[in-house]
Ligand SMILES: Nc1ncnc2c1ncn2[C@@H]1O[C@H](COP(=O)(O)OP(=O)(O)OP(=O)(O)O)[C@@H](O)[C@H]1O
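Starting off, we have a lone chain in the form predicted alone, written out as C-alpha cells.
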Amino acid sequence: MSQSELYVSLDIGSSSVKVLIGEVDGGSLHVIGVGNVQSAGIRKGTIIDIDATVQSIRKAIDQAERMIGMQIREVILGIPANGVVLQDVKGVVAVNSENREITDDDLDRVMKSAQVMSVPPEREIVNIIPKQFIVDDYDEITDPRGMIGVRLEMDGTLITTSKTLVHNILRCVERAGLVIREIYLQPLAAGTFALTDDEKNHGTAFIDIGGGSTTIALFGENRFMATAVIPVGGDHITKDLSIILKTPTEQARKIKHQYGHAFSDDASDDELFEVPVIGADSKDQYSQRYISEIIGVRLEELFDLVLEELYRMGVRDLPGGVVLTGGITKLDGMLQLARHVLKTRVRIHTPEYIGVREPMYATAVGLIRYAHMQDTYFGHVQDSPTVQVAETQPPAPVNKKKAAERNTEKKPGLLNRAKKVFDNFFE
C-alpha cells in the first residue's frame, strides 16, 4: 500500500463527527477505515465547547485507526459554510521564462496575485477556485501550463469565512493531536463529486441536510456559484418527536430512524409501536402515520425555507433540479415530499463505496476526492506519511506552521491556505 495514496478526511458535524481513511489507486477510491461518533460541543456548525469537540474527534479517529491498525497523523479538514462569502477576483502576471512557456511558477504567481486584495481582518481565506485562465487574449483555458504566451490572467472565486469560526475548529483539531494537511469548504468538496457534469453545468441546488443546519450550494456553468446555511436540520425533527411524544431525546432519535416516514400519505396506519414516557412507567402507542405527520410538518417547513433562500439568492429556475444528501434523507418518503414542496426534479445522493453507502458520508468522501483532484492538478507529492504503523510511539508534536509551509511549497497556487491560517493562529 503506497503511503502517498492515503487520505484521511475529517467531517465535524453538529450531529456526528466522521473520519474516513481512503486509498486512492489510479483514480479509484477504496475506503479502508471509518470512524463515526455522535458529536458533542457543536451546534449549527459552530464550536460551543472545545473540550467536548476534541473528545468527539478523538473517538472518531480511534475508531478509524482500529480498523486499519495504524495511527492517523494528517487530516483533510472540511469547513462549514456558515458565514462564507464568495468574491470574484482576477490575477494578472507576465510570463517569466525566456521561451515564454507557461510553467508551474507562473500558475503559482497568477493565483497569488488574485489574492492581493483587501480581506477584512476578521475574515480568513479558505479556498480560491479558478474559473478560467486567459493567455494573452485567448480565454476559457482550464490549464495554461505548457502554452506559449506573454501575459497570463486568471478569473476566479475567492472563498472567505469567519476567522473566529475557522480558528476554533483548528484549535480543536490541533488539540486532538492531528496535523491539518488541507482545508476545503464542505459544500464545495461534496457537491463537486455528488453532482453529474450535466447537473453542474445546467444549474443545480445541492442541499445537505445536517443535524443542526442545512447547507445549500448552487452549481452552474460547471462551477460553484453560491452557498447559504439554514439553521434547521435533522436534530429539530428529533426534538419535535421528543416534545410531542413526551419521550427522551435518545428514544426520539431511535423512533425517527426505525419508524420515521416523511410523506404521511404513504405511511402505515396499521403497525403500532410503544414509546416510553418521561417520568412515567407507562408506555404510549403510536402509528407510523402519526409519527410521519410530525416529521412531515418540520420537513415541509425546511423545504419552504430552502425555496425562500433560493429566491433570495436570485434563483428563478433550476434546470438541473435538486440533489439532496445528509443522514435524514434516508427516511422513507423523503423524495416524494421534496418533489411535492420544491416542484422540481429531486434525487438523493449516496456515495457508492463499500462501507460508506449512506448519504451522511457524502462530505467525508467528497473531501478525499477533492484533495486527490487538487493533488493531481498541482502535482503535489506527500513528504510525510498520512498514517503510520500503530505499534510505534505517537509522533512528536509537529510544528504546524512549518508543516503547512512544507506542504504549500510543494503545491503551487493552493492559496498557501494552511500556512496563512497557522501563521495567524500562532501569532
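Numbering starts at 1 and follows the sequence shown. The structure displayed is predicted, hence computed values, not measured ones.
Not pictured, yet referred to below: the form predicted in complex with the named molecule.
Heavy atoms within 4.5 Å of the named molecule in the model of the complex map, among the stretches 105 to 113, 173 to 181, 87 to 95, 228 to 236, onto 228 to 236 alone. Note on contacts: among 130, 327, 149, 144, the single residue with a heavy atom within 4.5 Å of the named molecule in the model of the complex is 327. Note on contacts: among 320, 351, 212, 333, the single residue with a heavy atom within 4.5 Å of the named molecule in the model of the complex is 212. Contact check at 4.5 Å (heavy atoms) against the named molecule in the model of the complex: all three of 15, 18 and 253 pass. Although the partner is absent here, residue 357 lies well away from the named molecule in the model of the complex, with no heavy atom inside 4.5 Å. Among residues of the shown chain, residue 283 is not one whose heavy atoms approach the named molecule to within 4.5 Å in the model of the complex.
With a 4.5 Å cutoff on heavy atoms, residue 257 counts as touching the named molecule in the model of the complex.
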